[in-house]
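Quick setup: one chain, the form predicted alone, written in C-alpha cells, and binding and motion questions come after.
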C-alpha cells in the first residue's frame, strides 16, 4: 500500500487512532479552536499524498460537518487522494423531497464534500440506498457482523433478533443470520391524526423467556425502542437489549429506554460515549486497505 496519513477529526480522535494503528499509517492530529460565537477553526500541520480523514458528523451535525469540510479542503491542497471516513453521516435521512419545495439535504452534503476535494466517502450503515445514490463515490460498511460478534459473547437465554418495525427487517434478519438465531419483525403503525405510534402485540414468534436483541441502525429519540421493549416484556420476554450502529440518544433518550426495561444499550463507536462498546475500526481498516491496495 502507498503511504497513508490518517487525519483525526475533532469528533472522532479515538476511532482515528484505532484506524491508523490498524493500517500502520501516520496519525495526524488536528488543532481545533472554537470561537465564542461557535465558529470552528481547523489547523493541520502535516499531510501526505494520501489522506484519510476520520470525522463522524453526529450532533452538533452542522459543526462536525463544517469541520470535516475544513479538513478536506486543507488536505486537498497538496494531497493526491482524499478519502473521508464518516461513520455517522448527517442528513442521510433527508434523502428525498417529502414535500414540494424541500431541499434534498444529503445531495447538498455530497456536493459540498466533493467540492472540498473528497474523492471517496466511507460510511457505516447509511440510512438508505437512495442516500448513497447522491455520491459520486461512496462505500457503505455494515456494522452487523461486529455487533453480532459482540452479542455472541453475551450470556443470553435463547436469544432472538428483533426489528422495531418493518423498515429494519433486513437488518434484523442479517443479524440473525450471522448469529444463527431467530428473527422477529414487529408491526408498527402510526395514527395519521394524532401521530401516536403503536406496536402490534400479536407476535409471529413466542418470545416467552427468551432474551431479545432489538437491532436498529440508529437510536435517536428512543421512541421506537421504548414501544418495542414494552411489547416484548408484555409478551413474556426475558432480558431486552438495544443494539445499534449509531447511538445518538438525544436528550433523555437513554433514561427513557432504561425505564422501559431495556437491560443495556450497545452501540458502535461511530458516536463516542458510554454506550460505544463495539469498535468499528477493524471493518474500516479492511475497506481502506482494499481501496489503496487496488489503486
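Residue numbers count along the first chain shown, from 1. On a predicted model such as this, the values are computed, not experimentally measured, just so you know.
Below, we turn to the form predicted together with ribose-5-phosphate (R5P), even though it does not appear here.
In the predicted complex, ribose-5-phosphate (R5P) stays beyond 4.5 Å of every heavy atom belonging to residue 81. Using a 4.5 Å cutoff between non-hydrogen atoms, residue 72 does not count as a contact of ribose-5-phosphate (R5P) in the predicted complex.
The shortest heavy atom separation between residue 141 and ribose-5-phosphate (R5P) in the predicted complex exceeds 4.5 Å. At the 4.5 Å threshold, heavy atoms of residue 145 stay clear of ribose-5-phosphate (R5P) in the predicted complex, well away from it. Here is the short version: of 173, 127, 120, 134, the single residue with a heavy atom within 4.5 Å of ribose-5-phosphate (R5P) in the predicted complex is 127. The single contact residue among 107, 199, 218, 203, judged by any heavy atom lying within 4.5 Å of ribose-5-phosphate (R5P) in the predicted complex, is 218.
The partner is not drawn, yet in the predicted complex one stretch among 147-155, 182-190, 109-117, 73-81 has residues with heavy atoms inside 4.5 Å of ribose-5-phosphate (R5P): 182-190.
In the predicted complex, just one residue of 86-125 lies within 4.5 Å of ribose-5-phosphate (R5P) by at least one heavy atom: 93.
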